[in-house]
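For reference, the chain that follows is the form predicted alone, supplied as structure tokens.
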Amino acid sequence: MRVVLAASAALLIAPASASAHGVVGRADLPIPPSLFAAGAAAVLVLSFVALAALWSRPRLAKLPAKSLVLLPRWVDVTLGALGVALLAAVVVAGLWGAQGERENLAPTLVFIVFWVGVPVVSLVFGDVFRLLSPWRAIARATAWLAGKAVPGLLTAPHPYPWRLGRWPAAAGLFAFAVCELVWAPGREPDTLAVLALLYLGAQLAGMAIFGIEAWSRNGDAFGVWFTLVAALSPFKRREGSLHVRVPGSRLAREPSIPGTAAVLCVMIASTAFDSLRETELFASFGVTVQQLVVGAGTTHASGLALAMLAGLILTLIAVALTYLAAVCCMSETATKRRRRELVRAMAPTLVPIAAAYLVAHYFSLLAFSGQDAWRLASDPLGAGTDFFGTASAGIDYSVVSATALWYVQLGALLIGHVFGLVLGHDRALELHEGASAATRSQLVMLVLMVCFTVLGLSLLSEASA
């Protein structure tokens, strides 16, 4: 099993030579990137030693939350209506607006405001998407109206299958990654609008069958991912009030649900592949696949798409194998059932890593391209309108320097991996008898964190503008 771990880690650490759309070129730094990587690894090792010496019993799950303020019901209604309005904007702009990505509001709303902006806001303010979710808002409004119009019309939902878990969410996130990174038409406004409507229909069907809350917690790809990220926030909404807590302590109470590890592996792999697809290594791989496919009678565009899909799948396999091997190495004498339980129980340790990768990779995209949302809001269809007087607004690239971006990215990676180590140690103390056994089991987790940290730093340090 250690051979599998080593092989998977070697694949993950392959250096990158260019960046994808989410990162920017690094500035002339006072310290070479190799020293940053060495320093980050040293911080992880020191953190591991400190945890072994000072953290001898599980603590995170027992940390209390304190109520701050009551949240009136109109907050739910207002934010739900905002979410529905934004979904409507994507559909209307996509179907009836100009089809250029730079002229239409839909791609910016989906790939920047929604995909990057919502999880970043969730890291600070908690699970805002639970209130913003348009499909949840529509389902709740429909159920309320149906209940008022015809009392007793709605039947009890079917119990959600425990074995199904969050696998539908993992599949949905993988499909989104394919649309974003592999399938070129998936970024076109009209296609985005159609896909948004199809996803809305799938969510309403799932909620109708299994119930709004059960499906939102398990089957909604974005709801599951954003909720996991929000668990890192110091704020939580519960029973109509806003609570403050130790950041990330919620993850210590995260239930062991099938498919959670798959959701997080998809997120890590898709973000990593967004950079890896621009490397010389992948270019060689892509040319080989293209030649094989074109030789079989397909077009070059189809060959490129298949090469990208194969690269995404291979990256996902590498990430999944690395995680599975690390968990199995924690207890090599465990039964097959016990190892499945460990895979589920340790899955929350991947949340800080997935969040760190997202912030490190996409922060520059949010800081710069996110500004374009103000211009597009004034002219959402690309028809020459200027509703808010911002149609001629440009992007100010001086708001964040390249060096500052690098430090933000470095800090996100380091903090995310250190907290993953802390969470893993706390979880191990719950799962093993005695602090010594828990610490020994986490040696391989330390290796895993170092590998993922080096991968992230490698992708960032080799970025080009």
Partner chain sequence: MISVLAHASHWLAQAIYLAPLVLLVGILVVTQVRDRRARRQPESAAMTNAGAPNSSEDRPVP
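Residue numbers count along the first chain shown, from 1. For clarity, every value in this text was computed on a predicted model and none was experimentally measured.
What follows is about the form predicted together with its partner chain, which we do not show.
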Checklist entry - Which one of 200, 293, 214, 242 is close to its partner chain in the predicted complex, taking close to mean a heavy atom within 4.5 Å? => result 200
Checklist outcome for this item: As a check of understanding, the residue in 320, 164, 75, 95 with any heavy atom within 4.5 Å of its partner chain in the predicted complex should be identified as 95
Checklist entry - If we take heavy atoms and a 4.5 Å cut-off, which stretch out of 364 to 372, 203 to 211, 221 to 229, 98 to 106 is in contact with its partner chain in the predicted complex? => result 203 to 211
Checklist entry - With the partner left out of view, is residue 175 within 4.5 angstroms of its partner chain in the predicted complex by any non-hydrogen atom? => result no
Next on the checklist: Quick check on residue 138: any heavy atom within 4.5 Å of its partner chain in the predicted complex?
Outcome noted: yes
Checklist entry - So, in the predicted complex, is residue 256 in contact with its partner chain at a 4.5 angstroms heavy atom limit? => result no
Checklist entry - Closest heavy atom of residue 191 to its partner chain in the predicted complex, within 4.5 Å or not? => result no
